[in-house]
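Take a look at this single chain, the form predicted on its own, given in structure tokens.
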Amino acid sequence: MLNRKMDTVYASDVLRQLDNVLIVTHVRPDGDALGAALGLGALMRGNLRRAQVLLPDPLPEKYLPLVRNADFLTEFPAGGLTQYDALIVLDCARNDRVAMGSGTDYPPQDISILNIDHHGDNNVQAEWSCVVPDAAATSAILVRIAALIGWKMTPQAATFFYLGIMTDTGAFRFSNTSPDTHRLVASLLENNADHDQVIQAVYFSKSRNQQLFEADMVQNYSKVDFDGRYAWAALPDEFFRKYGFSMRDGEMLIELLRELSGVKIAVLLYLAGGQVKVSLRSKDPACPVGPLARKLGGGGHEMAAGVTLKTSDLNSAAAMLREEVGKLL
């Protein structure tokens, strides 16, 4: 499949021509994935286009009140892809991460695909690709594109895009926050993005079980090595079962490790589907974790990345990560 690399101007020209699309994002969607997908769907419908959003994976519980009135599918559309002008893939860096639903492979055949993302190592197969690594979030790219097209920003779309930017910047704490980020957010608030609803969902909706889970993790599972520069935790299945907690609600869990004073790199390991999932974060540009994730077969940003290791041995994976992080430090 031919992959034409584009900037936001050309991407806006492509999107302007589309009237009927299916929008997808990555598996286990986080705030930016949800914000980008639901935001673009609401934006297109608000500007007299037809758009459906497919979210086949269970959503984080904290976002359920926010998406209560959103329009999206949880199963692959019965009529297949022939009913659409194009498939739009958002915030997804790799083919094997595209959430198409059970039994549906990516890339599909016989449909045009527009890929929009902010992960610099994006290699998703698509007819058109707009990848902007310096964007704070995929939601931020879509806000720029909407302005270039001249579409009216609806309050619902503004709220979802606000969610995407808010979560991917860590409420503007992360280094991907720029003056342009704040300008985009200001424009969303001017278009009636619901700040209070987003803040309640993201930061003030933690369950008691999650609070106990996090306290137990910090006290009994988190470790610090290399003179306090490396914080990590390896979480076994029984720990999740103890609190009835799922990593679909653990988007911000690794921040409990990264927030420690003196820490340069934080790593969280856990089992999923018989394999070890690894989240990596850095606070020091001199010690980026993106290259390490790519070395191990994963990907992501330079300061925030992830990888799935083809092993079920949590302890050996933790030992290997400790050795690799030691080389960085």
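Nothing here was measured: the structure is a model prediction, and the numbers come from that model. Counting begins at 1, following the sequence as shown.
Below: the form predicted in complex with a small molecule, not depicted.
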Report summary line: Partner contact check in the model of the complex: of 52-60, 291-299, 33-41, 66-74, the stretch with a heavy atom within 4.5 Å of the small molecule is 291-299
Query - Contact residue in the model of the complex, chosen from A11, V21, A317, V307 - any heavy atom within 4.5 Å of the small molecule - result: V307
Query - Listed residue (H182, R94, R144, R229) with a non-hydrogen atom within 4.5 angstroms of the small molecule in the model of the complex - result: R94
Report task. Examine R258 and determine whether its closest non-hydrogen atom to the small molecule in the model of the complex is within 4.5 angstroms. Result -> no
Report task. Please run the contact check for K277 against the small molecule in the model of the complex: heavy atoms, 4.5 angstroms, yes or no? Result -> yes
Query - the small molecule contact in the model of the complex: R281, any heavy atom under 4.5 Å - result: yes
